[in-house]
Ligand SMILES: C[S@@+](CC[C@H](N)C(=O)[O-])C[C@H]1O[C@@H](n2cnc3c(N)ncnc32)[C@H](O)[C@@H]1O
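First, one chain by itself in structure tokens, the form predicted alone.
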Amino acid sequence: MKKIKLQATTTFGLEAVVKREVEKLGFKDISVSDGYVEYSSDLEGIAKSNLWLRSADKVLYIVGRFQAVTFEELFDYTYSLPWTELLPEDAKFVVNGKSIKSTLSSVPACQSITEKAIINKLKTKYNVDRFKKNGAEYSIQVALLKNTVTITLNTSGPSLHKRGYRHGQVMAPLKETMAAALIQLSYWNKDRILLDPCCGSGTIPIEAAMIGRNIAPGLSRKFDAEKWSFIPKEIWQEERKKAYQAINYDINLQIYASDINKHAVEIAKVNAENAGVDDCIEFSQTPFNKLKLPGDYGVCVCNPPYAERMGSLADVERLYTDMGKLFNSNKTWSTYFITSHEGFEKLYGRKADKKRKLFNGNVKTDYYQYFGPRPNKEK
């Protein structure tokens, strides 16, 4: 099988999480840079990556990488790439671009030159004057960084956070990819209690249930590369079959999700049902100050309101104080909170064991991590 190079893009700060996911899938020659992870693969790996990566944004097929400081070099190297093997005559392709600290700083010019080179190459195989571009989607990106040009095909299509289960959402929803990453950065595993007391539309508990039940996050959606002529349809069929067979329906999960907003809880229930995990999660409409912990040695992963995106500052700060009172009264719990509020630790009443800087959408946040004892160690 032909060896290729893939690039899994991700939110800044989550590269290590995506790297672990890539390793778990069995890929080799892995390298990490700001905002992406690269690794060696084959065509089966395109399907496997899109179906299974939980915290990546997109999976890009690296068509070529080279140095270019002139438009002539950009044209010639782009032309030399195997476009006639990749794009059919009716390919609906569009070229997007970006340029950072490169001699070729004009993004529109780079896009135009790249597209011209691709069209000229395709004309060596297809005897047409004008391509109709009415077939499958092929999204091409020409990215320049310090005169290094990387040309990629977006195999995913829309971002991987679009799992397909979201029926509705509340204000300031957490992306599914971010939720999956927060869970994987915590001490939680399928044998422990998980609690989200500010569940909103249910993203964190749903992603946890999918992890616990081993449901591939991309199983309920389609990807652009499924329509590409150079990837046999049998590959996608086989990888989906394997993903369905990997689901553990017998696992007994202890996942609790609550919110003060009744409408949010109803949306969360529908989303959980769409994801096939409604039987794994116990939902309730419960204000935090009425909440009781459902046992010991649990893990709380939470995206509480932080005023910058929703809620009044006074209410938010009161909530953080209440959280500290509840969880600091039971030191067996491990707790994790993502917020942009820089005074969180003071309001919570305890300095975090670890903080991680993340971007939730365009909002700069910290992921405050409080480590309780692991159950097996305590025993």
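Residue positions are given as counts along the sequence shown, with the first one as 1. Because the structure is predicted, anything quoted here is derived from the model rather than measured.
FYI, the form predicted together with the ligand isn't displayed, but the following is about it.
For the ligand in the predicted complex, the listed stretch (138-146, 80-88, 201-209, 154-162) containing residues with heavy atoms inside 4.5 Å is 201-209. The partner is absent here; in the predicted complex, the one residue of 277, 118, 174, 74 having a heavy atom within 4.5 Å of the ligand is 174. With the partner omitted from this view, the residue of 170, 219, 299, 107 that lies near the ligand in the predicted complex is 170 [heavy atom within 4.5 Å]. The putative spot formed by 261, 286 and 304 is fully lined by the ligand in the predicted complex; each residue has a non-hydrogen atom within 4.5 angstroms of it. Remark: residue 227 does not count among the residues lining the ligand in the predicted complex, judged by a heavy atom distance of 4.5 Å or less.
For residue 43, no non-hydrogen atom is located within 4.5 Å of the ligand in the predicted complex, even though that partner is not displayed. Using a 4.5 angstroms threshold between heavy atoms, residue 166 counts as touching the ligand in the predicted complex. Interface residue remark: residue 63 is not counted as part of the site for the ligand in the predicted complex, having no heavy atom within 4.5 Å. Contacts between 317-354 and the ligand, taken as any heavy atom within 4.5 Å in the predicted complex, involve only 319.
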